[in-house]
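One chain comes next, on its own, written as structure tokens: the form predicted alone.
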């Protein structure tokens, strides 16, 4: 191990190799299941480091991946940053113009790409000046399909013949180690750099009992894409813990996930709610799935519905609701129950667990209202959440205008509108851009969506604000019914459910049945696409009745 005590990523791999040489890394591929242990992983990581050196790219170069979740992608997680280079994870689901922008903005020198994504990358690179800095394309696998990208080689040829040990340099903890870009739903994507110290700090806090703890007997399967903020840091955390890794490969179906959980004994997994909705539907369709090894499902990206938490509880699987951002490496809060709530009634516990949770150790926050004042923690008042901490970025990459807008005196302005209750549980009311302002009052689109999706016959729901002549904005609900559900009955029952818990003026003015809620490149509901698609339609007819007016409730 290199000398020095700086907080870098290298000691995590060193520990796993020394203490857990036989622990497996398993990957689902098009060719079947591949498996090897930390010893072979470490050797292949060293070979990859040598191969990159041989290209002649600088020690501080940015090296990009354009890949799904698999073992070779995981090899880049340590080989790239521990040589001093910077791992740039590109989301392949972004539109071509965004991919072109971030490759040019980051000045990537090498790009690793999956064969199934080769056509997508080639389309983005075609006649694009932004790719001029790229000196080498490496196709993951042992052969190169026909492609117009050049120079190009296959991964196995790239690393073949190189030594299986490497003299890892001693790096400064403030050296850039990683990079991700925001999805760019409101403009050009913004680059976020992660230093070694940021990723080290994030790993250490997630290992605590109030983070997302992992141990050497855990089997960890990140379903969240590895290009999505380092798979929420799970590859680093699992390595630091000496856990077994399981990677589900490209576009896993519910059946694939079920088989991996059963056959590999997965104990911890993570993904957005739609992933687990798919698994629920697969099981409810009569497929026999053994979840007995599964201890924890981490849900993030969007709110975890209470019904989903309860469904997993019935199967003795704990749902950990987590929240974070690209700018935060990404974990900011986790929905653990505080010790003084362990004897609370079940409904109270589920209500707490359905919130975004308690801030993880090391993070500070405050909530600021429209007038710049810090609000009380009473579960009612809400404002924008500001955060700061060792793994929270302080600026965007080459974006001074965005820095001025999104940062203030060392605090990141998250853009999330939240309440914080008397126990310290954060609840995201909405994104600042999605909150609905009606008659001078705020309506939470997220809360309405959760209320609607609590109905058993609702698969997905999104609520957006549309312009209204009198009330400024009014909510409209887009609903994806379960197969066979009667739309008229469903709207009536949803209306009755909402009326029980919310003021009349929160009631959506229209319910529109759709086949699927459009998604962003990271799997979140895309309200921007809904607004654009229905912009020319008269969604809200008439006016809100006086008895439902916000100022009369």
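Positions refer to the first chain, counted from 1. So that the term is clear: the rigid core is the largest set of C-alpha atoms that superpose within 1.5 Å between two forms. Being a predicted model, the structure only gives us computed values, none of them experimental.
The following text describes the form predicted together with ligand AMP, which does not appear among the structures shown.
S.K.: Want to guess which of 210-218, 112-120, 261-269, 297-305 is within 4.5 Å of ligand AMP in the predicted bound form, heavy atoms only?
M.R.: Flagged stretch: 297-305.
S.K.: Please tell me which of 136, 356, 76, 83 lies within 4.5 Å of ligand AMP in the predicted bound form, judged by heavy atoms.
M.R.: Of the candidates 136, 356, 76, 83, 356 is the one lying within 4.5 Å of ligand AMP in the predicted bound form.
S.K.: If the cut-off is 4.5 angstroms on heavy atoms, which of these, 326, 274, 201, 403, is the one near ligand AMP in the predicted bound form?
M.R.: By the 4.5 Å criterion, the partner-contacting residue is 326.
S.K.: Indicate whether residue 431 is a 4.5 Å heavy atom neighbour of ligand AMP in the predicted bound form.
M.R.: Residue-level check for residue 431: yes, a contact with ligand AMP.
S.K.: Using heavy atoms and a 4.5 Å limit, would one call residue 241 a contact residue for ligand AMP in the predicted bound form?
M.R.: Heavy-atom contact with ligand AMP at 4.5 Å: absent for residue 241.
S.K.: Indicate whether residue 398 is a 4.5 Å heavy atom neighbour of ligand AMP in the predicted bound form.
M.R.: No, residue 398 is distant from the partner.
S.K.: With a cut-off of 4.5 Å between heavy atoms, is residue 470 one of the residues that contacts ligand AMP in the predicted bound form?
M.R.: Contact with ligand AMP, no.
S.K.: Is residue 472 among the residues whose Cα moves by 2 Å or more between the shown form and the other one after superposition of the rigid core?
M.R.: Indeed, residue 472 is displaced by 2 Å or more.
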